[in-house]
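Here's a solo chain for you in structure tokens, the form predicted on its own.
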């Protein structure tokens, strides 16, 4: 564990942005903080909770051209976009880093590897910043993470007076820190950082999930699903802002002469998402669609990858236009469904 002064880190980020792509949390004119490409440390927001949009969009863009095609003189020509190149994401929260590890299980597994997602992942160094003051809507500790969880990060920074404690978690992280003047951290600084971590962890542990998976195993037809989504608008905000939701559609745009194949975000809450060409829809109402969202996050994903598809960032809680709180939904399921018993 080393210490880096704030001014030294800022100078390093200025140099880094001149040689490779650097993304960091930036504040717009309305006060909203999101990850943007920066040219120097002065553009980076100094204080923020979670960004409005998750880090997902840097690795799985909302709209992405997979390839383009055209008829050439010698036949069809296919052009695949080049990889973006080396990048650094600075200042992401541990929950966002954890979400990328979950998406790895979807886009880079034994059965399928997505070259677009994995290419960006391989070329990007993640520098995380621990949450000193978790938002009131955060519950990362409840889903296996934490405000200072280093999982998935190359470097974890913890703020202390005058600078940051820096912990390299990978070789890529150690190599990156090689360009920053580092100091030995004092025992007082280490103790103060540990106390802040303990307090932040306590604040973020707000959602009891014990036994939820077992309750969901026997609750597919439970009447609770008719009650929960009564006020849901099917707007998809929660899925688009969620760092682990990854539903997408693939569209061919163009003519027989030229065009492109495009991947765009989609949502399990949209009525058209499961509409068959025959006109049949296996999820015709909000009851089935919202059940799918909850089941996927807290049951199906657990069965497949051994973890919940939720990092407790609270974005869906903050931005839902009708205040449909996933924490209350989980509580309703916990209270109304008996483990292992189908109604």
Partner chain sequence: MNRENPYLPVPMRLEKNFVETSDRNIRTFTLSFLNQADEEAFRYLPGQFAEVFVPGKGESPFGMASSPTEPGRLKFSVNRAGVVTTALHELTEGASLGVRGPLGHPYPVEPFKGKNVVIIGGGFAFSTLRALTVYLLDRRADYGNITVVYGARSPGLLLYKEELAGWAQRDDLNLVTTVDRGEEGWTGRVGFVPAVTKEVAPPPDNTYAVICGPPVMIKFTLPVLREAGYPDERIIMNLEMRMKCGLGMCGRCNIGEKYVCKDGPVFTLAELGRLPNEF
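Numbering follows the first chain given and starts at 1. Remember, predicted model here, so these are calculated numbers, not experimental data.
Only in words, not in the display: the form predicted together with the partner chain, which the text now covers.
Q: When the partner chain is placed as it is in the model of the complex, are 6, 27 and 37 each within 4.5 Å of it, taking any non-hydrogen atom of the residue?
A: No, because 6, 27 and 37 lack any heavy atom that approaches the partner chain to within 4.5 Å in the model of the complex.
Q: Exactly one stretch in 103-111, 158-166, 89-97, 181-189 has heavy atoms within 4.5 Å of the partner chain in the model of the complex; which is it?
A: The contacting stretch here is 103-111.
Q: Using a 4.5 Å heavy atom cut-off, which residue among 85, 211, 72, 223 comes into contact with the partner chain in the model of the complex?
A: Filtering the options by heavy-atom distance leaves 72.
Q: Although the partner chain is absent from this view, report whether residue 255 comes within 4.5 Å of it in the model of the complex, heavy atoms only.
A: Because a heavy atom of residue 255 falls inside 4.5 Å of the partner chain in the model of the complex, the answer is yes.
Q: Even though the partner chain is not shown here, does residue 199 get within 4.5 Å of it in the model of the complex, heavy atoms only?
A: Close contact is absent here: in the model of the complex, residue 199 is far from the partner chain, nothing within 4.5 Å, heavy atoms only.
Q: When the contact criterion is heavy atoms within 4.5 Å, does residue 247 count as touching the partner chain in the model of the complex?
A: Residue-level check for residue 247: yes, a contact with the partner chain.
Q: Looking in the model of the complex, any heavy atom of residue 303 within 4.5 Å of the partner chain?
A: Yes, residue 303 is a contact residue.
Q: Even though the chain is shown alone, can you say which residues of 281-315 have a heavy atom within 4.5 Å of the partner chain in the model of the complex?
A: Sequence-ordered list: 282, 283, 288, 291, 292, 296, 299, 300, 303, 304.
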